[in-house]
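Below sits a lone chain in structure tokens, taken as the form predicted on its own.
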Amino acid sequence: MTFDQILGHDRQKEILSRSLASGRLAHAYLFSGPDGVGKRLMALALARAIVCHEQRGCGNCLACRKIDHQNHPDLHLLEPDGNSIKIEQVRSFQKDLHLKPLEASRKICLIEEADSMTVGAANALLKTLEEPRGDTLLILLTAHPNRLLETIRSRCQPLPFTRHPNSRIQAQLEKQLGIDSTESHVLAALSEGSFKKAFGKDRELYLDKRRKLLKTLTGLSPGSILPILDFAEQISADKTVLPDILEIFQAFYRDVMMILQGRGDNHLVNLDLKEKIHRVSGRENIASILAKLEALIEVRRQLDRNVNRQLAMEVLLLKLAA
């Protein structure tokens, strides 16, 4: 994929294109921003432009095709082994970086989820950043730059990426998937500016499963403990999906707040659930919805601290059922 084929991020494209043209690429970049907004695509487009036989990332030459298939000998991918990038992984790729490039003008290393590096791995990488080879380019990708060591951040050229506007995602959903405007609106709103979320595995969750989740949620009663415990066990079972489920709950109560504040239906995320939203707003007030939104924000903080997921969901659902 070339720069021109990547949607949005015009400022980032311009910065990298100018640096390429002038031969002044930094030795290390920190691509930061939400997951699924195009950081990895941009990094691979940059790699393609560097190795391209025509020096523009044509997509047709052998070098470009090798980048597309991720089997170019001068492209190195470093990603978490399990939950983290370990010091052994960093040391292994450092050995490769000490060798001269085989086919391109420089070696290129993409470090996925760079914030997952262990302390030992981060300190090992720091040595490479402090004494970079002129024929090596490191690109660190992260959705959580603040989790990186300050010493690592300070030795990389920062290039932040922002979320895509809902209108751009909605237009692409309708164009590529042929879905109607209501479904594309819901998907775009819940994807939080991420094409990966809108087009990936979350699509089924955001459409079909969302309705079932909200039906169960709004049917909970504070006096019926067993359904609350069962639902807590259900939604806490998959650690990777839980944040998206909480986002669905938060968007729903935000919609209820919009109605309570007299906003029109066009402000809703869940356009296909207008009747349910109006019905729930009839039994709530602004104070109760604010309390529920605060409970959702707080449980996200707790999950970041690795608390017991099921227990946290049980407490949350008791608050949401009140």
Partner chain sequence: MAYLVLARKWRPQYFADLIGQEHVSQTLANAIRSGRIHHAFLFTGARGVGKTSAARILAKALNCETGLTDQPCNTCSSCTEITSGQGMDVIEIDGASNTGVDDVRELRENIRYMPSRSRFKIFIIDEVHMLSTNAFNALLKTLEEPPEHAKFIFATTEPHKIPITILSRCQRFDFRKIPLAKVAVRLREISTAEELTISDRSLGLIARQGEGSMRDALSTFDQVLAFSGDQVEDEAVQTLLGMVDRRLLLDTVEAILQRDSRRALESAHRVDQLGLALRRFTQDLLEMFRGMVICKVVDEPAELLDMVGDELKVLKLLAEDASLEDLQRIVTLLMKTQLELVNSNSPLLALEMSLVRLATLAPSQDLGKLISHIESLERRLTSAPLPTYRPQAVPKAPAAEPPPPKKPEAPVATTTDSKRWQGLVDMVKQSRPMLGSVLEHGRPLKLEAPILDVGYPKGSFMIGQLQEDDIRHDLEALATEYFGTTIKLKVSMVDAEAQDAPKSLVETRQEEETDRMRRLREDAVEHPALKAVQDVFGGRIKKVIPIDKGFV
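Numbering follows the first chain given and starts at 1. In this text, the rigid core denotes the largest set of C-alpha atoms whose superposition between the two forms falls within 1.5 Å. The structure displayed is predicted, hence computed values, not measured ones.
Heads up, the form predicted together with the partner chain isn't pictured, but that's what we're talking about next.
- Within this chain, residue 244 is remote from the site of the partner chain in the predicted complex, having no heavy atom within 4.5 Å.
- None of the heavy atoms of residue 113 is located within 4.5 Å of the partner chain in the predicted complex.
- Taking the partner from the other structure, the partner chain in the predicted complex has a heavy atom within 4.5 Å of a heavy atom of residue 124.
- Using a 4.5 Å cutoff between non-hydrogen atoms, residue 237 does not count as a contact of the partner chain in the predicted complex.
- Stretch-level contact check against the partner chain in the predicted complex with heavy atoms at 4.5 Å: of 71-79, 145-153, 169-177, 227-235, the positive one is 145-153.
- Of the candidates 222, 219, 132, 200, 132 is the one whose heavy atoms come within 4.5 Å of the partner chain in the predicted complex; the others do not.
- Distance criterion of 4.5 Å from any heavy atom to the partner chain in the predicted complex singles out 27 from the list 40, 27, 276, 66.
- Using a 4.5 Å cut-off to the partner chain in the predicted complex, each of 119, 267 and 290 places a heavy atom inside that distance.
- Interface residues of 85-106, taken as those with a heavy atom within 4.5 Å of the partner chain in the predicted complex (partner not displayed): 87, 91, 94, 106, in sequence order.
- With a cut-off of 2 Å and the rigid core superposed, residue 299 has a Cα displacement that reaches or exceeds the cut-off between the shown form and the other one.
- Superposition on the rigid core between the shown form and the other one places the CA atom of residue 112 less than 2 Å from its counterpart.
- Remark: with the core as the superposition reference, the CA shift of residue 288 between the shown form and the other one reaches 2 Å or more.
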